[in-house]
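What follows is a single chain, given as structure tokens, in the form predicted alone.
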């Protein structure tokens, strides 16, 4: 029997064309080129190879691979929802980047009346897009493309405002985005899924099953994310030794979490075999747990330990915490983002605070005040002039102590979680509106509802809320 399309013929095109009109108008009125892309500012003294494009394009391209291939393949682990996982990721990511350029540039516009667009703006927009895609994981298979676009449309402004407030007023160190990307995305997504709670799905759903091919595709996404994660963590660090450390620490953390995941997967499984869900998700934990301290002098051994600790927390979260949240707290976290991004983000934030408290000139030399720029002396302080003899381009800071900076980090963690959870809750309330084409419980995790599927598509399963024992989820 052919399934109802839930009214996408009108609703999806209407929403997309309306958004495109708004974006075109706003781009025409407010967006211009930055200095590196503006032909008017080029002359015979311009050195083309010094253009910022050549410094940043490789990182931009790496993050593009993570966004469109890594996330896309990773989300295609359901046997009957591979199209939805990859294609809705494609749709949502493309829109989110377009939308983020405007909202992240708003505060630039506030100062000079224009949003100056360059490759670094695109990288920042990609980070905002990653926030949306992580949150998407919490409601995977249970939302329509219309709902996902509305979710991105609402999440980007909340994220941009939170990011601006935290960076402008709290002024924190968060090179790898553990606070502003992973924690924000996690608790926003949990807020949304809390409101969109479906009690019938707690007893399981046969279409949540994976297949040999879908698991292979999902692992391919994991490998793309794994390989390019050093670019993600190092993109916004200071060029030079800070960025070098970020690449080293990310690789070490990922390596540690990967081999630990294989060990824990066999220990915790009922039959002593490796779970593909663990390979797809838990192996990535180390990339998050080193994020907040990724550019600091934490030592390679500490990065390795963080990878192990993050892996353990993530694994235990999948095995025990996710089922508890679904049964007791009405939080159906479909992809376990609380484990891979929430728990590990909290561990990373704590590690970053410890690294800030332990940072001294003995370990960093004068570069202490570059890595921790807000600890640099204020303008007019004689110490600043002495430091500038060693580092001529050193910028004035706020003169914070290590303890003061650590307190601001704590405030950022609390504030980010609160803002994201409230934003997610309100967004979830909007997504519950009846005309956003939400799938029924029976039609969740099913491509046939939204796509023309090939003839070999399996149509044998019939949904029933009592088929608990026949279901397999990604966390079992």
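Quantities reported herein were computed from a predicted structural model and do not represent experimental measurements. Positions refer to the first chain, counted from 1.
The form predicted in complex with a further copy of the same chain exists for this protein as well; it is not shown, and the discussion that follows is about that form.
- Partner contacts here mean any heavy atom within 4.5 Å of a further copy of the same chain in the predicted complex, and among 323-331, 175-183, 340-348, 225-233 they occur only in 225-233.
- The three residues 104, 143 and 162 each lack any heavy atom within 4.5 Å of a further copy of the same chain in the predicted complex.
- Proximity to a further copy of the same chain in the predicted complex, defined as a heavy atom within 4.5 Å, singles out one entry of 367, 373, 405, 124, which is 367.
- Checked against a further copy of the same chain in the predicted complex, the candidates 219, 150, 134, 201 yield a single residue with a heavy atom inside 4.5 Å, and that residue is 219.
- Proximity of residue 57 to a further copy of the same chain in the predicted complex: non-hydrogen atoms within 4.5 Å are present.
- For the chain shown alone, residue 79 is a contact residue for a further copy of the same chain in the predicted complex, at least one non-hydrogen atom being within 4.5 angstroms.
- Though the partner is left out of this view, residue 399 does not reach within 4.5 Å of a further copy of the same chain in the predicted complex, counting heavy atoms only.
- Using a 4.5 angstroms limit between non-hydrogen atoms, residue 205 is distant from a further copy of the same chain in the predicted complex.
- Residues from 50-78 that approach a further copy of the same chain in the predicted complex with a non-hydrogen atom closer than or equal to 4.5 Å are 51, 52, 53, 54, 55, 57, 60, 61, 62, 64, 65, 68, 69, 73, in the order they occur in the chain.
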